[in-house]
Structures are given as C-alpha cells and as structure tokens.
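Read the single chain below, which is given as structure tokens and is the form predicted on its own.
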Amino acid sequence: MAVDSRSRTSRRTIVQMVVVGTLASIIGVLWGLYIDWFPVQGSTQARKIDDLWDLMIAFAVPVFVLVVTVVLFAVKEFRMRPGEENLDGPNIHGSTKLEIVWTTIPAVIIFILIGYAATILSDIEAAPANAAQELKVDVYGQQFAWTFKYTGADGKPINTTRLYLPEGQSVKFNVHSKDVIHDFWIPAMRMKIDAVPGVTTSYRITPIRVGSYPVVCAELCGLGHAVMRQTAYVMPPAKFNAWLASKSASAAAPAAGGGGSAAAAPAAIDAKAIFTKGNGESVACGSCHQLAAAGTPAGGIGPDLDKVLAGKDAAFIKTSIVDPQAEIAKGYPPNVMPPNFGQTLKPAEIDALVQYLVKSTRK
C-alpha cells in the first residue's frame, strides 16, 4: 500500500509539474515574442536577425521554465521534515533512459539553433547579385568621432562627417581605426563590427526605411567613448544620388578664399544651442564641459570652461576647438576631445561659438 501511495503521489507531482511548466512556457514565450526588444527594423538584415532572436526565445523560455519548475517541485517534495535532521536521504539509482533524454534533447536544440544561425549568417553576409551596384563606404573611427569616405562619380574620394545611405540599395562598410579599437554599430540595422588598428573589417546592410538612426561606438575606447556618436540618414535613392553629385561638384569647385573671422559670425546662429545640443553633426560641447551660462552641469569628462577659459582671448578659444591637442588643461589626459570640430562645424558656427565662449567666460 505504501508503495502504491508513493507511486500515486509521484504521478500526481509529475502531472502538476507538466501542467505548471506548460502554462508557464506558453505565457513566457508569448510574452517574450510580444516585447519590443530592439529598435525599429532598419535593414533587411535586421528582419532576419530578429527572426533568429524569436526562435531563440521559443526554445530558451521552455528550457528555463523546465529547470526552474523541477527545482521548485524538488524543494517542495524532498524538503527536510521535522525529525529528519539526522537522517540520510534515500538511496537513488541512476536512470540511463533519463540521462539519454536530458542529453539528447538539449543537443538537438543546440544543433537546430546552430543550423538556423549559420543560415542567417550566410544570408546577411552574402554579396548582392549585382555587386557593381553595391555602394561602398569607408568608415574611420578615431577618438572620439566617426568620419566616412565615399567615391564620387568621377572616382574621386568624398569625405564627410555624416553618414548618408540610399534606401533599398546594398551598402558595404569597410571599417578602419586611426588609433584604438572601436566598434561601428547602427542598432536599427542590427549589425556591428570592431574597428581594429591596422586591419580592415567589413559588413553589409540594405536599408529599408527612410529616416535617421543613431550610430554609436560599442567598444570602450577611452574617456570620451560615450560621446562617440553620429547619425545615419537613410534617404530615397534619387535624393541620395543628388546629394552625392552635389558633394562631387563642391569637391571639384575651387575653394573660396578667406576664412571666417569671429567678428563676421552671423547673429542668426544660436551659439548656445550649438554648445548645448550640437548642430546635428557635431557632438554637443555641453555633454562634456561645464559652463554656467549654458546651464551644463559639473562632473563632465572635460574641464570646467568657466575656469580654463577665463581671461582667454578668441584666438586661444578657437584653437582649442579646431585643434584640441594644441594645449591640454592641467589634470586632463590628451586625445579625449574629438579632433574633427573643424569639419563638423561650419566656419561661421565656430566663430559664433568662440564669441559666445569669450562673452560667457569673461570675468
């Protein structure tokens, strides 16, 4: 009788485990598929990678639920009762069938995921059928900024600090680093790869949605890592071709003489906005520097401008913006401030910013 009672209790426990585990798995899988884990899908590669993620959710949640359910029921059924403190547990003999099952099922799951992941990897890395129409963009990482190089219709290079991409066209990024290891990542496209000094890495995407998407560095590369950001602009092919043609034409045109001076900065430029928010292409100065007039807080990775620029003239401030390594503030390391403000800011914007800083730090 005692054996039959234990047998019925065991069967009832197993049934309870199956019911609880099944319900928890269904709820967990549905919840996992419902959550928006990632940004909007910006490329064909993003769709395939998200499908792989969904498949992993469908397998991982039941496995997690199974383990947790067995552990919780084991704690409940085999816990120590009063009076059993000094007793040894019953002898348990191994089950070859059970060992085969719990080894075979995970192995099958792993092989399914590996096979599907390999298929996805092959698809997202495959070159387009017409490789001649693929756009190639060289990406350069440098503490702490991204720059991009295109090839114009005349075969001449076009350098820019903004990333423009045509909708529906395959784009291959050749990624380089000018100093340390960075990581070129566009979250909406789901693709990223390290930028390694002395090595050219690459990946390709096909943008599918017009809009603007953050570009970030996903590898800790120094004190200014957090501000190493840019924006990718996806536009219709006709508009992209017009932009590329305009850049080719401007590169071919003779350079205009005479640089802007601080006195000629247009009054229409909002220098405070440039300092606190950037101009859409440059990093905001206020993200790293404290300045009382701009209301930017203390504790940034850069020096307090109210102190280091007090009494400095316009020439010194302008040099500090366009050539930040010319003079490093005491107590701060070199090569933290992005070196490309001379490219990301227009001459008139630099002049307006210089005037604003001269006025704001005047004692």
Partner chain sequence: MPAAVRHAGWTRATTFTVLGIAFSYALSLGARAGLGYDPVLDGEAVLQISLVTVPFFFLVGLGLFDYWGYYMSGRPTRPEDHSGHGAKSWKSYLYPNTDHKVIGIQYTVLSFFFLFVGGLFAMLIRAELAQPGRQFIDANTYNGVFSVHASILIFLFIIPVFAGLANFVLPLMIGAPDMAFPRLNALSFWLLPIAGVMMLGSFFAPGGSFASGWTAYAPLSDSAPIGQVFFTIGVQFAGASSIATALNFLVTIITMRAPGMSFFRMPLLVWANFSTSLLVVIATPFVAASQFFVLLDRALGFNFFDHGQGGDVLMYQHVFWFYSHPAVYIMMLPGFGIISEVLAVKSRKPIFGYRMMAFSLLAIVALGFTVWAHHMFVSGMQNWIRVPMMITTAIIAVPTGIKIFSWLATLWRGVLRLDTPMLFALGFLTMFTLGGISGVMLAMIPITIHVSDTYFIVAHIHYVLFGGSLFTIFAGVYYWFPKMTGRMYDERLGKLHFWLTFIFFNATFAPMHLIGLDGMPRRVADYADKYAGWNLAISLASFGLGLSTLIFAYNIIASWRGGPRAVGNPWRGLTLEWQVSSPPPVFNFDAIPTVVGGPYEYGVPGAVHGVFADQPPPVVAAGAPAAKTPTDE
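Positions refer to the first chain, counted from 1. In this text, all values refer to a predicted model and were calculated from it rather than measured experimentally. The term rigid core refers to the maximal set of C-alpha atoms that superpose within 1.5 Å between the two forms.
The form predicted together with the partner chain exists for this protein as well; it is not shown, and the discussion that follows is about that form.
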Exercise. At the 4.5 Å heavy atom threshold, is Pro237 in contact with the partner chain in the predicted complex?
Worked result: no
For this session: Using the partner position in the predicted complex, report whether Phe73 sits within 4.5 Å of the partner chain, counting heavy atoms only.
Result: yes
Problem set entry | Ala315 within 4.5 Å of the partner chain in the predicted complex, heavy atoms | no
For this session: May I ask you to state whether Gly155 is within 4.5 Å of the partner chain in the predicted complex, using heavy atom distances?
Result: no
Seminar exercise, completed: Per contact check vs the partner chain in the predicted complex (non-hydrogen atom within 4.5 angstroms), the hit among 269 to 277, 134 to 142, 147 to 155, 179 to 187 is 179 to 187
Problem set entry | Interface residue in the predicted complex among Val322, Met56, Ala294, Ile328, criterion: non-hydrogen atom within 4.5 angstroms of the partner chain | Met56
For this session: Could you tell me which one of Thr201, Thr161, Thr206, Ser248 places a heavy atom within 4.5 Å of the partner chain in the predicted complex?
Result: Thr201
Exercise. Using a 4.5 Å heavy atom cut-off, are Val19, Thr22 and Ala127 all in contact with the partner chain in the predicted complex?
Worked result: no
Exercise. Within 114 to 142, which residues have a heavy atom closer than or equal to 4.5 Å from the partner chain in the predicted complex?
Worked result: Ile114, Ala117, Ala118, Ile120, Leu121, Ile124, Glu125
For this session: Align both forms on the core first, then report whether Thr201 has a C-alpha shift of 2 Å or more between the shown form and the other one.
Result: no
Exercise. Once the two forms are fit on the core, has Lys307 moved its CA by at least 2 Å between the shown form and the other one?
Worked result: yes
Exercise. Is Gln290 one of the residues whose C-alpha moves 2 Å or more between the shown form and the other one after the core fit?
Worked result: yes
